[in-house]
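There is one chain below, alone, in structure tokens, taken in the form predicted alone.
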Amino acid sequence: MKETDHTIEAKILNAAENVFQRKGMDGARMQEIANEAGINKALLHYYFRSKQLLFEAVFKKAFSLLAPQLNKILNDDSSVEDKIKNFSFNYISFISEHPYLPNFIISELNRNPNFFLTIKEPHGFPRLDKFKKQVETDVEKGILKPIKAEQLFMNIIALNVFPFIGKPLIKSITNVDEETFNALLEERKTQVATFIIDAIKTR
């Protein structure tokens, strides 16, 4: 790929991410993305034939930044407790900057269940091997209450992901504005981990 092609594609991906964050997948328009990138619509379609392909490219770019971070946390030498703290803090921090990702994952998995098979191969995709062994060992030692690592991981994911997916519902029920909601998300960077750790530790 020529340097000029690489530069144009990078401009398109950055512009598309900005528009997707403002409008979401359904609200975004290719013309608006072209305008944001400073190119014409024909050139945009030359690089990305459809909005769906462009959205997938933006997602893969963002996920390629997040996945290695999460994989490193899950497989480093820190304790299960520290893994939960670091995972929650890093995940919420990252998704706060890329809020379109959780809803995209849900909608894309419903539309195309095999989607994640296309991004699972690159190095850095999160693996639970070490995390599972640590949880099993801590349960055997009596440090943690009996729980499967898979169940614990699902709890971590659910408590971190839902506020982003359910944002309109949560804001409506709690009657908070955008600024207050963002403040609650900032608190969750530590409170989610505290809640989970208190629930699974024996002492």
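Between two forms, the rigid core is the largest collection of C-alphas that superpose within 1.5 Å. Remember, it's a predicted structure, so these values are computed and weren't measured experimentally. Counting begins at 1, following the sequence as shown.
In what follows, reference is made to the form predicted together with a further copy of the same chain, a form of this protein that is not presented.
With the partner omitted here, the residue from G38, G142, G166, P68 that has a non-hydrogen atom within 4.5 angstroms of a further copy of the same chain in the model of the complex is G166. No residue in the set H6, I8 and E178 has a non-hydrogen atom no more than 4.5 Å from a further copy of the same chain in the model of the complex. A residue is said to contact a partner when one of its heavy atoms sits within 4.5 Å of a partner heavy atom; I95 fails this definition for a further copy of the same chain in the model of the complex, lying far away. The closest heavy atom approach of Y46 to a further copy of the same chain in the model of the complex falls outside 4.5 Å. Although the partner is absent here, F55 sits far enough away that none of its heavy atoms falls within 4.5 Å of a further copy of the same chain in the model of the complex.
When contacts are judged by a 4.5 Å heavy atom cut-off, L74 counts as touching a further copy of the same chain in the model of the complex.
Residue F63 is the only member of 47-69 with a non-hydrogen atom no more than 4.5 angstroms from a further copy of the same chain in the model of the complex. Superposed on the core, the two forms barely differ at V80: its CA moves less than 2 Å between this form and the one not shown. The two forms, fitted on the rigid core, differ between this form and the one not shown by 2 Å or more at the CA of A28. Core-superposed comparison between this form and the one not shown: the Cα of K171 travels less than 2 Å.
A change of 3 Å or more separates the two forms for V19 and L109: their C-alpha atoms lie closer together in the model of the complex. CA of D26 to CA of Y100: farther apart by 3 Å or more in the model of the complex than in the shown form.
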